[in-house]
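A single chain comes next, written as structure tokens; it is the form predicted alone.
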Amino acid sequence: MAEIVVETTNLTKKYDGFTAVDGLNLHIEEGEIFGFLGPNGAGKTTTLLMLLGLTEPTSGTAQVCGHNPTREPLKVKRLVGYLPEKVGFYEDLTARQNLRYTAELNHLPGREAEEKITDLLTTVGLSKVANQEVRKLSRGMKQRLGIADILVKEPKLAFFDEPTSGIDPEGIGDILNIIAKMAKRGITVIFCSHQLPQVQKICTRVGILAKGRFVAEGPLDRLGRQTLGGGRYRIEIQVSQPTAKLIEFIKGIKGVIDVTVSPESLLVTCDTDLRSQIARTIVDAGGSLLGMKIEEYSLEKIYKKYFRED
């Protein structure tokens, strides 16, 4: 089993009688990119602050990289990187000097640090401006530098809060690719964003928070089936000749609930993923299977199911 990097049990935070986070149970495994979603005031920032050891829970527990962030905040901070929406750097220092300062704080040897900094500046596309003062860099460049700053200490876990805010489309694609590559290196990512297509593009699992509680949590395909598909699979099939006999064969497969016929395709509703059984049935019946896919669910539609916009 994969290592659990973040785990909370009934995590709760109250402020003067107001419950910001209400009995949150969360587990995130190594290498996941977890999309943390919810409207303003849902409790996302408060949860992150508790996981970072920057505020104490009222009740419940949290474990981050094997440590309690309330009792061992320094150990957690050594293993965790955090990129806020508004990145803070020493504006009168160059990009390289800022990374060098972070390397010194993390006790990296000089030569090793310089090699790593050069590599990271290349990775995030800042090698040409490495010796420019940060105050001269664009917002997108500062976001890239923030990612490099996280990677200097090779964290086990990284928090990103609206990392693509105010960045041009090409830059957004670059940043999402860098974050995706972090997960492939075993770095676990918690990705907070209101840009739902971006979350859908790179996240392996999402949690939707409302009034301090999860209203939905899990892989996107499962959430889609639960919230939009009535818990069922819908499989779209293209066949060369959708004869009545072929349709009856498909309806006879155990678990198939309904088959809807259109000029372009068949839409099969079923309790489980029956693609292999359906394909076999079509071939055995002498049909020609041209294509088949499970209906994909938009994260935006799922989100709006819980937060309808007027």
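Quick note: we count residues from 1 along the sequence shown, nothing fancier. Since this is a predicted model, take the numbers as computed values, not measurements. In this text, the rigid core denotes the largest set of C-alpha atoms whose superposition between the two forms falls within 1.5 Å.
There is another form of the same protein, the form predicted in complex with a small molecule; it is not shown, and what comes next is about it.
Note on the partner interface in the model of the complex: the residue among Pro242, Gly43, Gly53, Pro57 having a heavy atom within 4.5 angstroms of the small molecule is Gly43. This chain appears without its partner; in the model of the complex, the one residue of Asp168, Glu85, Glu114, Glu154 with a heavy atom within 4.5 Å of the small molecule is Glu85. At the 4.5 Å threshold, heavy atoms of Met292 stay clear of the small molecule in the model of the complex, well away from it.
Although the partner is absent here, Ala20 sits close enough that one of its heavy atoms falls within 4.5 Å of the small molecule in the model of the complex. In the model of the complex, the small molecule sits beyond 4.5 Å of every heavy atom of Arg222. Contact check for Gly66: no non-hydrogen atom falls within 4.5 Å of the small molecule in the model of the complex. The stretch among 32 to 40, 279 to 287, 262 to 270, 243 to 251 whose residues place heavy atoms within 4.5 Å of the small molecule in the model of the complex is 32 to 40. Core-superposed comparison between this form and the one not shown: the Cα of Lys14 travels 2 Å or more.
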